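Just so you know, structure 1 and structure 2 below are the same protein chain in two forms, each on its own as structure tokens.
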Structure 1
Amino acid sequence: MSERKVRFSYAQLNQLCMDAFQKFGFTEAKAKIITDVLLTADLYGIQSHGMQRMVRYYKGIQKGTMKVAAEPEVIFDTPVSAVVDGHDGMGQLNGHFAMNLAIEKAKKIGVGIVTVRNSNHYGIAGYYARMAAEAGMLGFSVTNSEAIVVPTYGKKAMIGTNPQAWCMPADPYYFFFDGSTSVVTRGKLEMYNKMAEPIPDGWALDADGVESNNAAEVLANITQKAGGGILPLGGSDKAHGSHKGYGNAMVAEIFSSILSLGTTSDQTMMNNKSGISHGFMAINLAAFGDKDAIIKHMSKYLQALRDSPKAKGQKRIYTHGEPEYGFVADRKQNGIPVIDKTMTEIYDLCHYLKLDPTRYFGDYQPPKSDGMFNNNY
């Protein structure tokens, strides 16, 4: 990516987010949760789900899609499970509440599964899976999302990028696997579009359901719901396992919109309501005996994978979550990179919220704005 980035310290961005979310109307405690989810994404190098989302959330709140005063409500409850109605509140707050509920259940009885309906975009799926791992458990987190992915052999986007995340404690690196069930996310297409480069084969279909290398066209079709969309993990045909990506997207759907009687991906984002659903599971390792021995066993296998012979031209085999440790170390030392365009939006936002940007960013000046929030991510 040729885009110019500028780095700011975690403390600078944290203060900005805290102030902005409180200006949005959230309590300090809630602002802290939302900020932590966003900045964790930035620390992990997943910028698309980081603080650049703040402007989108602001718009969602202005439109009424995201309700600041909403409180998650438990509408069905058993010792091992619960259904939560998010009442159109922020996805981060619903997600944090629901995963904590799952963890509490798992502490008492070994497993907790919580499904959430009527929520909003919740940031990185992995954040919540990691909450369980930090409590010494195996964590699972899924969400459905706006339908921008086609089912195998279809040409209409009927499923979301529906990520699945798993996290488990291990030494020296947690196992942290967070991935969309599509080949790529919308953010990747946007990146290729910005670079004006053709997207690789096997990523997306045009409006007729034919493979396309034209990111701009695919994105425009997605936005206008004109047909086509991103392909499931495995591409366009069964030969490379398209039905498997599609199947995993359905599993994410089951734990989110199906068990909660929520809105399936194809029905989200209608009538000024997002209707996103999530699913969470916490599994207490002690429910299978010696928790420490299990973590040790996992750590040994992960080490064996990292140590195994490399393919020609490759220097490292990563285990899931390992690269994030490097990202975090870099960003804690050198600051979090933010693209110019995002900074322009943030300065616009500060202006609107009557926050003084120099308080956070000193004499840094972003590129001139061409109108507030005209940049549509």
Structure 2
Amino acid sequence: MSERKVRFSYAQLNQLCMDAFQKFGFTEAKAKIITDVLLTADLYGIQSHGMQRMVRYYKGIQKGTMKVAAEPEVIFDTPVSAVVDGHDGMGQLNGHFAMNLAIEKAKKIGVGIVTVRNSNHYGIAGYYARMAAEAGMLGFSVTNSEAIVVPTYGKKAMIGTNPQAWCMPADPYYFFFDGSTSVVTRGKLEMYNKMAEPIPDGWALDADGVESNNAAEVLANITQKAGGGILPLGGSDKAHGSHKGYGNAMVAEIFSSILSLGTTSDQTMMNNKSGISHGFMAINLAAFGDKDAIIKHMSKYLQALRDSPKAKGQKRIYTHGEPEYGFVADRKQNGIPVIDKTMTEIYDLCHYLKLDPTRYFGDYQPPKSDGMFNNNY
């Protein structure tokens, strides 16, 4: 991807997000949660779910699909489980509330399982799994999404990218796995579209179910529900494991929309309503014995994986979560990279909200705007 990226400090981007989300109408405390989820994605190197999502969220707020004043409500509750109605609020706020509830249940009974319906995009699934890990637990989080993924041998998008995330304390790096059940996320297609570059083979299908390298075409078909979409993890056929990605997407669907009696992926984003559902689980390691011994046991195995023999020409084996530590260290020292065209959107948003971008970015000037806010809002 050849699009120029610029780097800004965490402090610069944090202040912008805090000011913008409060301009949207959120309290300072709520803006802090949303901002933390977004910038954690950027710190971890998951740009598709970081700063580039800001304008999309504002569109949702303006259209009414994301309700600023909404408060999550527990509508079914047991000592071990709960169902939360997000009332169309921000996914980050619903997710933060639900995982905290799961953690509190796990402290008392050993495990907490909470599902959420009537929510919105909640950022990276791993953020919530890590919340549990930071409480000394094994954390799990899933979400469904708008149907943009085609089932194996189909040509109509019926399921979401439906990511799954797990996080467990370990030394020196937490085990941190966060991955979509599709080959890529919509955000990756959006980034390629911004850069006017062809997407790699094996990522997506056109309206006829034939592989396509045209990001703009695939995104337009998704928006217009004209057919085609992103492929499941494993690609287009069983020989390469497509059915496994498809099946894992269904596991995420069950744990989010089915258990919560929420909206399945194929029915989300209709009638000016997102209808996204999430699932969260916190497992208290002490429910299985000596928590510290379990963490030590996990740490030993992860180190064994890193120390195991490398393939010819390879120098290092990473365990899940290890690269993120390197990304965070780099970005805290050298700044967070942001695509130039994303900065154009951010500047448009600043002007629309009457925020002075020079306060955050000094003399930097992004590429010329296409006036998106003049037509879309």
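Residue 1 is the first residue of structure 1, and the numbers go on in sequence order from there. Note that the rigid core is defined as the largest set of C-alphas that superpose within 1.5 Å between two forms. Not measured: the values here are computed from a predicted model.
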Worksheet item: Quick one, which of these two is the form predicted in complex with a further copy of the same chain?
Response: 1
Worksheet item: So, does K188 move by 2 Å or more at the CA between structure 1 and structure 2, with the core held fixed?
Response: yes
Worksheet item: On a core-based superposition, does L93 travel 2 Å or more at its Cα between structure 1 and structure 2?
Response: no
Discussion item. Given a superposition on the rigid core, I'd like a yes or no on whether S81 shifts its C-alpha by 2 Å or more between structure 1 and structure 2.
Written reply: no
Fill in: Per-residue C-alpha deviation between structure 1 and structure 2 [A216; rigid core superposition; Å]
4.0
